[in-house]
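Just the one chain here, the form predicted alone, laid out as structure tokens.
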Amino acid sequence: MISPERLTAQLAHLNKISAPDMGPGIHRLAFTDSDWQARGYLMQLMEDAGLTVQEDAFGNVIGHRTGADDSLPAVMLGSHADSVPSGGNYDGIVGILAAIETIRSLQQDCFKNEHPLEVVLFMCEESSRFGAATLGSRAMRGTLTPDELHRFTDKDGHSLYEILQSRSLRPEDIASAKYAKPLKAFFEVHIEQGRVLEHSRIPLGIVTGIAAPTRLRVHLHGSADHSGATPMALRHDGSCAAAEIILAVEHAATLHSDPPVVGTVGILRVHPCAMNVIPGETELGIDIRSISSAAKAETVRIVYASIRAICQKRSIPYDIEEISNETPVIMKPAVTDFLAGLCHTQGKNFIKLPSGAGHDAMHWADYAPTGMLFIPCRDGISHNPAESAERNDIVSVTEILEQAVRTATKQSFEF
């Protein structure tokens, strides 16, 4: 039986694990001390639930529960524990705790799963530290390259490769992290990170598709000059070019409404960042997302053209680095109908909806039948200290997850 008290206590414990002296909210950037502390706590919870725990070369944690026939494809479930700066304690955490609680409930009921079960804590789901998201899932799918481990750096200039080494992981052996065994299904639970469920007063969402980002890092090579002695007509101001590009991204995204596209410039760095110096070197981080590959690609094309035109007009050299270009995912109707049937059976009210945010589940949908369940978050707020979810909703979605696992692990069941 799913334990509300256990879930509440675990959420409260994780709420205390954050980088000290960093202000309000949760600070568990990937592979930092606080992230590693949360990882250790979750590994202990997995072991307490009877799982055999191991890690791969990237640090992903895989807990295994043996099936009656362990050679059968496993049913996988899980999520992440890292956070954005000043984030909330529900993003990712609800999903990994729901997965572990499902196994704990099966253990207490002496449930005999025919297929093996795998609970995964995915590392580095958030893009906050290295500029690219869902890296743990990508490592397990074999799409994270050695070049990217060296190319992805944090704000202090440390490469992902160096950070993995500092945690005694094996970046030189990243190919070994690829998950090569067959899967029967993958399930993930998450807060919605939007307002649809709360606005509709619906406690459960079944995800029909996941939008995917294209992320760009743009470097503008302006000229840093004296702010008083340089006439306006002779300036090559990196920040002014950046301002035009920011508005161009906004405009390009608004050109698509069905299906919608969203565009965000979430990083803006200027150098030397002094009141009396015209900004020279300027960096932007651009995030463009859609559930439609075609709409996203068209928006990216417009953004590239806008950057080129703006920089030519201002005589500012530039370069664009594509950090990631992920493919949107459409969930198989057989899986969404399966989850809908479980909700009907248990008398739980739900709707089907797409996800505007990316998740680890998006990397598994082409590998195995994949299902994702959402619960509301208060006021739709996420990536924010005010992020919150109701305990009843967390318990309710975990009950559905457990029923999905109980059913999917039967050898006779097929999607």
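We call the rigid core the largest set of C-alpha positions that still match within 1.5 Å between the two forms. This one's a predicted model, so the numbers in the text were calculated from it and none came from an experiment. From 1 onward, residues are counted along the sequence shown.
Absent from the display: the form predicted in complex with another copy of the chain. The rest refers to it.
Visitor: Counting only non-hydrogen atoms and a 4.5 Å threshold, tell me whether Ala132, Leu164 and His190 all contact another copy of the chain in the model of the complex.
Guide: Checking in the model of the complex: none of Ala132, Leu164 and His190 is within 4.5 Å of another copy of the chain.
Visitor: Quick check for you: of 212-220, 170-178, 90-98, 104-112, which stretch puts a non-hydrogen atom within 4.5 Å of another copy of the chain in the model of the complex?
Guide: Within 4.5 Å of the partner lies stretch 212-220.
Visitor: Taking heavy atoms only, is Pro116 within 4.5 angstroms of another copy of the chain in the model of the complex?
Guide: Because no heavy atom of Pro116 falls inside 4.5 Å of another copy of the chain in the model of the complex, the answer is no.
Visitor: Counting only non-hydrogen atoms and a 4.5 angstroms cut-off, does Arg235 reach another copy of the chain in the model of the complex?
Guide: Yes, contact at 4.5 Å.
Visitor: Taking another copy of the chain as it sits in the model of the complex, is Ser71 in contact with it (heavy atom to heavy atom, 4.5 Å or less)?
Guide: No, Ser71 stays farther than 4.5 Å from another copy of the chain in the model of the complex.
Visitor: Does another copy of the chain come within 4.5 Å of any heavy atom of Asp287 in the model of the complex?
Guide: Contact with another copy of the chain, yes.
Visitor: So another copy of the chain isn't shown here. In the model of the complex, which residue out of Ala297, Ala309, Ile320, Cys273 has a non-hydrogen atom within 4.5 Å of it?
Guide: Looking at Ala297, Ala309, Ile320, Cys273 one by one, just Cys273 meets the 4.5 Å heavy-atom criterion.
Visitor: Check each of Thr264, Ser292, Thr208, Ser159 and return the one that places a heavy atom within 4.5 angstroms of another copy of the chain in the model of the complex.
Guide: It is Thr264.
Visitor: Would you mind checking 175-210 for residues with a heavy atom within 4.5 Å of another copy of the chain in the model of the complex?
Guide: In sequence order, Glu192, Gln193, Gly194, Arg195, Val196, His199 come within 4.5 Å of the partner.
Visitor: Does the C-alpha of Ser86 move 2 Å or more between this form and the one not shown once the rigid core is lined up?
Guide: For Ser86, whose C-alpha is compared between this form and the one not shown after core superposition, the shift is less than 2 Å.
Visitor: Does Ala334 show a Cα shift reaching 2 Å between this form and the one not shown after rigid-core superposition?
Guide: Comparing forms between this form and the one not shown, the Ala334 CA shifts below 2 Å.
Visitor: How does the CA gap of Ile267 and Leu135 change in the model of the complex versus this form, closer or farther, if it moves 3 angstroms or more?
Guide: Relative to the displayed form, Ile267 and Leu135 move farther apart in the model of the complex - a change of at least 3 Å between their C-alphas.
Visitor: Shorter or longer C-alpha distance for Glu250 and Glu125 in the model of the complex, given it differs from this form by 3 Å or more?
Guide: Note: Cα gap between Glu250 and Glu125 widens in the model of the complex.
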